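First comes one chain, alone, set out as structure tokens in the form predicted on its own.
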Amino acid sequence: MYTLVINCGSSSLKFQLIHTESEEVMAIGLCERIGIEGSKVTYQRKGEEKSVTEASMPTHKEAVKIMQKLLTDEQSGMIKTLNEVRAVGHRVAHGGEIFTSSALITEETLKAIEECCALAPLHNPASLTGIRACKELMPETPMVAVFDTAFHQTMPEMSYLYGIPYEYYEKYKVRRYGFHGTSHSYVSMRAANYLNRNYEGMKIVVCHLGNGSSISAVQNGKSVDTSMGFTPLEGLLMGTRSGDIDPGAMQFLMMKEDLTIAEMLDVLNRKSGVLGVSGVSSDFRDIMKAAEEGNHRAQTALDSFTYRVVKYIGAYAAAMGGIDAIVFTAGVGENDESMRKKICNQLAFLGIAVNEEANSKRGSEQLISTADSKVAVLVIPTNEELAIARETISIVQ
């Protein structure tokens, strides 16, 4: 049997077909530009090259039907019918305070996800559309919602409350939620397994570093703090997101530039971060190349990013009363050895030392700290789809 994992964005649908027992990825696909001119589908079966085709997809419903056709087609498919799918796991961005863990999808679940749409207006509605389209095609197949925010629901009040009137939390649930939870959960648990340590007795800092970046403090198997907040805009400097910023600076810019709230948020979400500082790109590889060629702003963007990562790790070391392990994951965290080395060198006061040979390897789980390092430092490639598949099967069983 198989598990189907689906991740709906505002104009995209990603999917993976995973063998339930072996956990092998049998097929992977991406429907892009849904509802936009020039929509296309990228599809790849296990052991084969990717294919890219244009396809009309006015809504997510058409994308789901295309996914069905690709998976069951005599030429391209891996299964004969969708009846071979044991369960479907749907990634949902925001579960608010309602969902502290993944949940079997029922009508009550869908209504609760709808209640969280105000907290994630771009993502939750798309997830609901994808879920409903799947349920229409696969009415007898159990489905599970796996929430990006659920892992961080263990944060204590002192971590998640903002310093604003408490009534705003009571009325509107304005608080810190955190994101990338599936990745932080999977990676922190894998780190404990790799080290042959008791997960529930460790203090771990997970650095999910990519175009979207977040850091979490995981103590005794639970998230106790994380860098993203009410939205994914808070926290680190990112590819195009500003990260932490004084709200007063936003008001000042809005007045000077005559910007609306929506326009200001567009600047902070899409035109800031390392793109805004460097003026080069949101891609760290492009920025690194520009820095090597002597571009001062590009170097400043890299230094600013590194500084903030180090600052958050130091803060979480203080919050947990120490660190047993630091784990790097996601695009930058997994692939940029120079960034990892620079971060760890600035944390040498914690007794951290990096094994340069181990740090130079890519594509697999690695312990990159030396034998005498007081803190274990690891690279663990994230696998959110596998984590969603495991959660889904666990709940369905």
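Residue numbers here begin at 1 and follow the sequence given. Source: prediction; values computed, not measured.
Quick note: we don't show the form predicted in complex with adenosine-5'-diphosphate, though the next part is all about it.
Contact check for residue 314: every heavy atom lies farther than 4.5 Å from adenosine-5'-diphosphate in the model of the complex. adenosine-5'-diphosphate in the model of the complex is approached by residue 285, whose closest heavy atom lies within 4.5 angstroms of it.
The closest heavy atom approach of residue 362 to adenosine-5'-diphosphate in the model of the complex falls within 4.5 Å. Proximity of residue 336 to adenosine-5'-diphosphate in the model of the complex: non-hydrogen atoms within 4.5 Å are present.
Heavy atoms within 4.5 Å of adenosine-5'-diphosphate in the model of the complex are found in one stretch of 104-112, 121-129, 229-237, 205-213, which is 205-213. Put simply, of 41, 332, 354, 34 only one has a heavy atom within 4.5 Å of adenosine-5'-diphosphate in the model of the complex, and it is 332.
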